[in-house]
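Presented below, as structure tokens, is a lone chain in the form predicted on its own.
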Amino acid sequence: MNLEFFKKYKFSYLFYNIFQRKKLINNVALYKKYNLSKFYFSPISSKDLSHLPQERTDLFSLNEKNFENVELFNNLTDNSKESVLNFQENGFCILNSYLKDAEVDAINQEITNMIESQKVGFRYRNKIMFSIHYSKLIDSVGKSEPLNKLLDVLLQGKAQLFQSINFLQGSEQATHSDTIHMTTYPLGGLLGVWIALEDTNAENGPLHYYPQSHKMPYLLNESFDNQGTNFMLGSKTYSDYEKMMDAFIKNKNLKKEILLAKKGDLLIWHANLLHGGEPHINKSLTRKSMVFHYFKKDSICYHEITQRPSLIQ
């Protein structure tokens, strides 16, 4: 039996999760709240939650009054303020020049030092995962109180930093919604934050997104017949999800936009916004960037495809 086949059994992650009680303990109260007969380490997916109310609570109106006590918002340029106020309409907002050049340079040097000292390495081809666990500087950027207070408003709850990802090259990731990777109940309890650590252009793999796509239905395991059984995960692969997403975009005639960001710019996007990475055409160029993901506190958090509960630090 090969490893990939073994991973199709739901219990393949169970033994690991049993020893992660500290990172999964929040599930105990949440499962009780929603009358779910599960242990903290049990597999979980949208199928287990389908009997619960599924109304959209993640689409709400915003105005300046929502941000009257948010220091970061009050100090933004008019263009960035307008972008934030249109977050619920567009599914994203852009804060221009969020970080100063010196702050970005310090982060880039920190990443270089950690790679050279082998504190971090690359996973999933080109990702440096969880640098927040090894760098006080990067952790402090992700947990910045002014930024988190802004995120609290956009989440309508307390934002909790879940993970970080650093890139030296463009991700080139196919269009997706983060909800397939980091799922919540209620739906929409997640925000992504991307920071340009250098200028992006058409040749070094800029981000793309589909404005207003966050208003579309959430596409989860059921959407591509991947729910599985009581004991086995679904038989579909992630490439099947990507094919479904391509067909969905064509069917809805969604229009793509490409973000040509400047060093220090910050992008915030909704959990269900469709986005990805353009081809990194010129491999002699870098495209240094940093991503943070935040869960809404007191949400059930899990990974839809592998049906694993998320490990919250």
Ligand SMILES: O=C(O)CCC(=O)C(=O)O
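Numbers for residues come from their place in the sequence shown, where the first is 1. None of the values given here were measured: they were computed from a predicted structure.
Beyond the structure shown, there is the form predicted in complex with the ligand, which is absent from this document and is the topic of what follows.
Legend entry - Exercise: residue 173 in contact with the ligand in the model of the complex, heavy atom 4.5 Å: So residue 173 counts as contacting the ligand.
Inset, instruction - Check whether residue 291 has any heavy atom within 4.5 Å of a heavy atom of the ligand in the model of the complex, and answer yes or no. - result: Flag for residue 291 set to yes.
Inset, instruction - Please check if residue 269 has a heavy atom lying within 4.5 Å of any heavy atom of the ligand in the model of the complex. - result: Contact with the ligand, yes.
Inset, instruction - Mark residue 264 yes when one of its heavy atoms lies within 4.5 Å of a heavy atom of the ligand in the model of the complex, and no otherwise. - result: Output for residue 264 is no: heavy atoms all beyond 4.5 Å of the ligand.
Inset, instruction - Look at the candidate spot formed by 178, 277 and 287 and say whether the ligand comes within 4.5 Å of a heavy atom in all three of them in the model of the complex. - result: Looking in the model of the complex, the three residues 178, 277 and 287 all sit within 4.5 Å of the ligand (heavy atoms).
Legend entry - Listed residue that, although the ligand is not shown, lies within 4.5 Å of it in the model of the complex (heavy atoms), from 138, 104, 165, 111: Checked against the cut-off, the match is 165.
Inset, instruction - Would you mind picking the one in 207, 99, 154, 93 that has a heavy atom within 4.5 Å of the ligand in the model of the complex? - result: Filtering the options by heavy-atom distance leaves 207.
Legend entry - the ligand in the model of the complex: contacting segment from 73-81, 114-122, 141-149, 165-173, heavy atom within 4.5 Å: This holds for exactly one stretch, 165-173.
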